[in-house]
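What follows is one chain in C-alpha cells, specifically the form predicted alone.
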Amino acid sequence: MRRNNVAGLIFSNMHDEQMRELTAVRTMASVPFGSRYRLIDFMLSGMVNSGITKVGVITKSNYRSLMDHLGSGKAWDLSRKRDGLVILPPYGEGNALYMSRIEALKSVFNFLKHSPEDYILMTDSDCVANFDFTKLISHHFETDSDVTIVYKYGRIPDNTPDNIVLGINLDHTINNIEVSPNVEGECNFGLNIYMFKKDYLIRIVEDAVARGATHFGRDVLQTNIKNGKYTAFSFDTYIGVIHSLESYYEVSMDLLKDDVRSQVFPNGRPIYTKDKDDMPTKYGLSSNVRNSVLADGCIIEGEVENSVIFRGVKIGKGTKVKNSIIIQGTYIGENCTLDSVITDKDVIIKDGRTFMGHKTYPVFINKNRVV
C-alpha cells in the first residue's frame, strides 16, 4: 500500500493553557525551540520524511505567527498544486470557536471527507523527536488496525491534563484505556499521536457529536475500544514531551547532550524549518562559548555556557550566560549575569543586570520587555 495513502492532521493549539508564558502571543505549534525551529517542525518534518504529501493544520487562536512560519509549506516541500499544506480555520458550528478536540474534528469533516486518502495520522505539537512514521504506518497496515495509539513507557509528565494510560497485550493490541488515572511509577502513557482508518475516525466522532460528548479520550477512545481493533506502537528513539515551562526548559537542555542531538537530528532525516538567511555568528576576542547551541546572526562578546541561543541575539562584553534559553532578537548588555533564564523574543536586558533561576524553576522574561 502506498504511504501517500495517508493524510496528516496536526493540532496547533491543544496544549496552550499548560504553557501560557510562551503561548500568550502564539500557538503551541509555533513556540520557538532549539535555536532555529518551531515545535510544529518536528511533527511536520516527520510526516514529510515518511512520504505524506497532504497535511492539514488545525488552528484556533494566536495563529498569525504560525501562518507566517508555515507560509505556503515550501520549506517542507508541501507547496503543491494538489494536496500539500492546508491551514484549517478555527470555527465549528455557526462560526463559533471549537471548545474540544471532538468539535475541532467535526469542524474539519470537509477536509477529511474530501481527502482521497484512506488513513489519517493525527498528532499534537507538544513533542520533540525525529519520528520515523513509516514504522508506525507499516505497523498500522500490517495489523489492520482501526486505531493505532503511540505511547511512551515511563512516568507520566507532571501537570499533563487528560492523559491516557494503555493496557497492552503481548500482540500489541490494547485491552484498556484509562483517562487521567492516579498512577504512581512507570506506565504506558499516550503521546497524542494516532493513526486512524479515516472512515472509522469519522464514524466514531460523528457518534460522539450525536451524543453531545466533549472528551476525546473518554467519550471517543475509551467508549469505542470494544468496537474496533486498537493497537499500540512505541518509538525507540528520544521523545521530549513539552507540557509546561519547566519541561520546555528541560527538553531544550537535553539538546546539549550528544546522544539526544544524534537522535533528534540523524543523518538522512532532516528537521525542516522556515529558511532565514542571515550572516554567520560573530565571536568577539573576549568571547568564550562552551557546550551550547547557537543559531546564525548572533554577536557574542561575553561568555556562554550550557545554553541555547537563537538567531540575532547580542551578548555584551563581560556578560555571563549559563544554563539559559535566549530566544530570537534578545539584546543582553555588558557585565550581566544570567543563570537558568528563558527570554522570549526581542527582550532588552540593560547593563549590569543579574537574573538567577533554577532548572526546576527558570526565570522567564516576556516578549519585548526591557529590564
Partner chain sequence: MFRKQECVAMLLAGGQGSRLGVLTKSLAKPAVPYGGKYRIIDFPLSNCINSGIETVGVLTQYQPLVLNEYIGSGLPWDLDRIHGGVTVLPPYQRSKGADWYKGTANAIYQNTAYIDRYDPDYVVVLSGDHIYKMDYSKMIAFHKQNNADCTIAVLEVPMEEASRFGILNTNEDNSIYEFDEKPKVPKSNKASMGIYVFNWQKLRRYLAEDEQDPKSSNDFGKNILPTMLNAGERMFAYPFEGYWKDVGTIDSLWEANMDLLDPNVGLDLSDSAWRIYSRNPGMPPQYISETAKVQNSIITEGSVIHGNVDFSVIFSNVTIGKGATVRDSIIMPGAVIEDGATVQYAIISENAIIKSGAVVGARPETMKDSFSDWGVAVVGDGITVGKGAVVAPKAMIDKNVK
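Residue numbers count along the first chain shown, from 1. Model, not experiment: these values are computed from the prediction.
Although it is not shown, the form predicted in complex with its partner chain is what the next lines describe.
Scanning 215, 152, 198, 74 against its partner chain in the predicted bound form with a 4.5 Å heavy atom cut-off leaves one residue, 74. Only one of 278, 162, 144, 206 lies close to its partner chain in the predicted bound form, with a heavy atom inside 4.5 Å, and it is 278. For the three residues 36, 258 and 306, a heavy atom within 4.5 Å of its partner chain turns up in the predicted bound form in every case. Shown alone, this chain has one stretch from 316-324, 51-59, 28-36, 341-349 that lies within 4.5 Å of its partner chain in the predicted bound form by heavy atoms: 28-36. Proximity of residue 180 to its partner chain in the predicted bound form falls outside the 4.5 Å heavy atom cutoff.
At the 4.5 Å threshold, heavy atoms of residue 263 stay clear of its partner chain in the predicted bound form, well away from it. Taking the partner from elsewhere, residue 170 is found to have every heavy atom lying beyond 4.5 Å of its partner chain in the predicted bound form.
Taking the partner from elsewhere, residue 250 is found to have every heavy atom lying beyond 4.5 Å of its partner chain in the predicted bound form. Along 274-301, residues 275, 276, 277, 278, 279, 280, 281, 282, 283, 284, 285, 286, 287, 289, 290, 291, 292, 293, 294, 295, 296 each place a heavy atom within 4.5 Å of its partner chain in the predicted bound form.
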